[in-house]
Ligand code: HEC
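This document opens with one chain alone, in structure tokens, the form predicted on its own.
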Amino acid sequence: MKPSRFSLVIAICAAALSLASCTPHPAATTATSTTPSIETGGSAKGDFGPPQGEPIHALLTSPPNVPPPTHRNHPAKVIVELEVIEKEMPISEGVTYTFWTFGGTVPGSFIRVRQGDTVEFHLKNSPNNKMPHNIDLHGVTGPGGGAASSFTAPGHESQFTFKALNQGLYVYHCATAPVGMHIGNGMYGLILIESPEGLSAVDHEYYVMQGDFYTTGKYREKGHQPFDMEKAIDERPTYVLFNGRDGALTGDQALTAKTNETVRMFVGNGGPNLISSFHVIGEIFDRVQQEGGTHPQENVQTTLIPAGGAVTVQFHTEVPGSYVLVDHSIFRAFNKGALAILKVDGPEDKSIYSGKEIDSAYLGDRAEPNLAAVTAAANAHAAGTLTKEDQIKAGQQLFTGTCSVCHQTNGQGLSGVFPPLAKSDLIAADPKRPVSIVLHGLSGKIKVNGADYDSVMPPMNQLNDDEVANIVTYVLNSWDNPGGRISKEDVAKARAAKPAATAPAEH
């Protein structure tokens, strides 16, 4: 049902009033016959005269891709055409949500122009949409960042023009009342206004944007989940995500690079509520431009990005591996979805990072009593008298020192993080599968005892065949599992076999 003309007028007024505080204001300039002009910073330097040459239609890209550099030495007229699309999409595995988008993606299309450009902006509201929308670009000098001129009903198109006076990386978002709901449904993105000289050349540029989402159902609760206004007002997000979906930048969608390359990330925070503590585990940012501004900071570990803010980070890759992007408010990463992967391929450099060199038990004064059963089992195996009971006793001691931190001494695991080993349907389905998991690790989505898990278990290659056999035998004979026995020969065979790449989806 389309809003009435009266309701549209009221909404326009409300949006204009509510966004007044979001409008960028250049510093005041005074000029009299006796007082010289005061320098006002970037905007005073950003008017390079009228556009030159033929108009250019901006190339817009979907995340995590970034348009190519402008490579121009003059200002141009740049035409930007952006469509608002309301669409149902997955927010997590088996969970859908009705997103409101700029360009059909969350975040919206990446816009790249040059300082001094004259931008003719066309905002289109799909006739299939139900709501009016507009756009506030933080890189616009003018009322509401363009919001006051771009209020657009479904099936309509609005146009306004602005000059890109200030270089930098800026957020844009919808500013139609209720503003928080429009942003909370995914209506945000980034616009880069390049300096006249452009940015330094890098091997990769990526577009990543964090947002917090508020659904009536719990995290990963299946089915279609509507927006929850009460949670949004109370700032209690169900999801905190990079690029609008749980796992959007993991697995086959992970960002990629090779060793000895330079990576630049344009990182925004759409909010609507939370501040992001952006961090890449295993990397240090060589260069950070807070707020996407002009003056960089160097050698930064974690950088704050306020809601409605952005940052440009740059770093060089030295050694291969999977580098995890997180909001370092860490429960958001591992329990609400704010996690992504940069997969770096290439040769090792042991002078930079050795990998694990030693993994030995450190038990102090408890070494003898704790390892007594392990020693007894080893002696029994050498004598050819090893029993299942010997293995269970040794396996219990090894499990306590190796596995119990994640899976707990009672085998119950940690809800939503590490799956249970107790009365496990995964183990019951294939009692020898735990051998392969211990040896080769396991990652990806998995269902155990009716609950979903999406975590990573690293391969435990430091364990020898006897130790793996004893641990798995202990697990098989504990906590109502099916029983049975694993031999050293079983482990040797599994060690030589090619591991499964990922976990099965269902058990």
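The structure presented is a predicted model; accordingly, all values stated were derived computationally and were not measured. All residue numbers refer to positions in the sequence shown, first residue = 1. Take the two forms, superpose them, and find the largest set of C-alpha atoms that agree within 1.5 Å; that set is the rigid core.
The next section is about a form of this same protein that is not shown, the form predicted in complex with this ligand.
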Using a 4.5 angstroms cut-off on non-hydrogen atoms, would residue 478 count as touching this ligand in the predicted complex?
no
Answer yes if any heavy atom of residue 434 is within 4.5 Å of a heavy atom of this ligand in the predicted complex; otherwise answer no.
yes
Should residue 237 be classed as touching this ligand in the predicted complex when contacts are defined as heavy atoms within 4.5 Å?
no
Looking at the partner-bound form in the predicted complex, is residue 420 within 4.5 Å of this ligand by any heavy atom?
yes
Exactly one of 141, 118, 149, 402 has a non-hydrogen atom within 4.5 Å of this ligand in the predicted complex; which residue is it?
402
To verify the annotation, which of these, 461, 65, 443, 52, has a non-hydrogen atom within 4.5 Å of this ligand in the predicted complex?
443
Option from 295-303, 203-211, 73-81, 412-420 whose residues, in the predicted complex, bring a heavy atom within 4.5 Å of this ligand:
412-420
Looking at this ligand in the predicted complex, which residues in 424-456 have at least one heavy atom within 4.5 Å of it?
424, 426, 427, 434, 437, 438, 442, 443, 444, 446, 448, 453, 454, 455, 456
So with the core overlaid, does the Cα of residue 322 end up 2 Å or more away between this form and the one not shown?
no
Did residue 444 shift 2 Å or more between this form and the one not shown, C-alpha, core superposed
yes
Is residue 407 one of the residues whose C-alpha moves 2 Å or more between this form and the one not shown after the core fit?
yes
Indicate closer or farther: the Cα atoms of residue 345 and residue 460, in the predicted complex, relative to the displayed form, with a change of 3 Å or more.
farther
Explain in one word, closer or farther, how the Cα atoms of residue 92 and residue 423 are placed in the predicted complex relative to this form, where the distance changes by 3 Å or more.
farther
